[in-house]
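Just the one chain here, laid out as structure tokens, in the form predicted on its own.
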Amino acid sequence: MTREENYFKAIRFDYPEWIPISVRIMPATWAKYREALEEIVLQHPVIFGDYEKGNIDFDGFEGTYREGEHTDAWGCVWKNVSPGLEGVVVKCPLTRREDVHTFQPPNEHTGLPHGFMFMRLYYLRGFEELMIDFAEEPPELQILIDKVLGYNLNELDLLLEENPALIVLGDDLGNQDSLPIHPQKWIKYLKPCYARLFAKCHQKGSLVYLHSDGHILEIIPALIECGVDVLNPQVGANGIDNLARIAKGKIAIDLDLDRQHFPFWTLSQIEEHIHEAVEKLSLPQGGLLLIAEVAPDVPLKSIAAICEYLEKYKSSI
């Protein structure tokens, strides 16, 4: 069975041969460790595939990972003072609520990058202003949501022309230990957006993968109702037991292992964490995937251990 075949068996609950595993290395991590990190990658083809020495430009930062300021197609100004880590929006084009009425989405195609829906709203309005909008519920809130959703639906149509088996989306919906807005406000204003986007994917025969950082427990049932097929939640913000209770067996979980603790854990603690995730979330029929993101504050020996333990436990179905 190929890696791709096994992956789709896992997300379809069709009895994969192993738990799909992956490691995401941030650009800043490559820039810090360089050839030493490359040696680890070369030792783990099960995770990294047919990587060859020199495949990565250690200092090749693009988009929001590059240093300095740049303005995106929506008029949002991004700033990055630490190249290789993602920047932040520092100037929002719609800080005045009345400007929503005349605002138009870009004429150019941007696809559906990370932060395509909820995050785009506060990129445009500013986080505090958007939170006030959700509290006061002025008509401009729905107007802005409709404009962003309309653009996203058109961009999704273009992506679906290629008939992909899987559409991968990313939108961080949670804070560290709570949602930024009340779950009922999310259900009222945002659930219809994701439901329409996911339904369009399913109509074209594509499965839906949603990455979402932060605490999202209260809206996971709503995301399941929207039709998400694979959810990529952070274990640190949600908890293994909570995710098992709410989502196990209902949707595939690509578990974002606890990257907030990776810089501080011993190697044995890393192993215990991966083992616990497999023990509590895996099923014989599938539904579990594991992903580890490593930032530059994770020691090199810990990155090597993460790779080793993922390979060790991937067959524990």
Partner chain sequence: MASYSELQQCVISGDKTRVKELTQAFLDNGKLPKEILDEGLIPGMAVVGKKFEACEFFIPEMLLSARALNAGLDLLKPLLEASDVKPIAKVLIGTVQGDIHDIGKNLVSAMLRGGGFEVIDAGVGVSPDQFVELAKETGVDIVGLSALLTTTMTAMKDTVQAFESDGSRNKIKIMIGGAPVTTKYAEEIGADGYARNASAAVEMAKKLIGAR
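Residue numbers count along the first chain shown, from 1. None of these values were measured; they are calculated from a predicted model.
Keep in mind that the form predicted together with its partner chain is missing from the display, and what follows is about it.
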field: Segment that reaches its partner chain in the predicted complex - one of 180-188, 200-208, 144-152, 104-112, heavy atoms within 4.5 Å
entry: 180-188
- request: Kindly indicate whether E62, E69 and N163 are, all three, within 4.5 angstroms of its partner chain in the predicted complex, using heavy atoms.
  value: no
query: Taking its partner chain in the predicted complex as the reference, which of V88, A195, A244, I224 has a non-hydrogen atom within 4.5 Å?
result: V88
task: Let me know the one among Q260, N55, Q269, Q43 whose heavy atoms come within 4.5 Å of its partner chain in the predicted complex, would you?
output: Q260
- request: Look up in the predicted complex whether E136 has a non-hydrogen atom within 4.5 angstroms of its partner chain, and give yes or no.
  value: yes
message: If we define contact as a non-hydrogen atom of the residue within 4.5 angstroms of the partner, is D297 a contact of its partner chain in the predicted complex?
response: yes
message: Test of understanding: in the predicted complex, would E128 fall inside 4.5 Å of its partner chain by heavy atoms?
response: yes
message: So, Y51 and its partner chain: in the predicted complex, are they within 4.5 Å at any heavy atom pair?
response: no
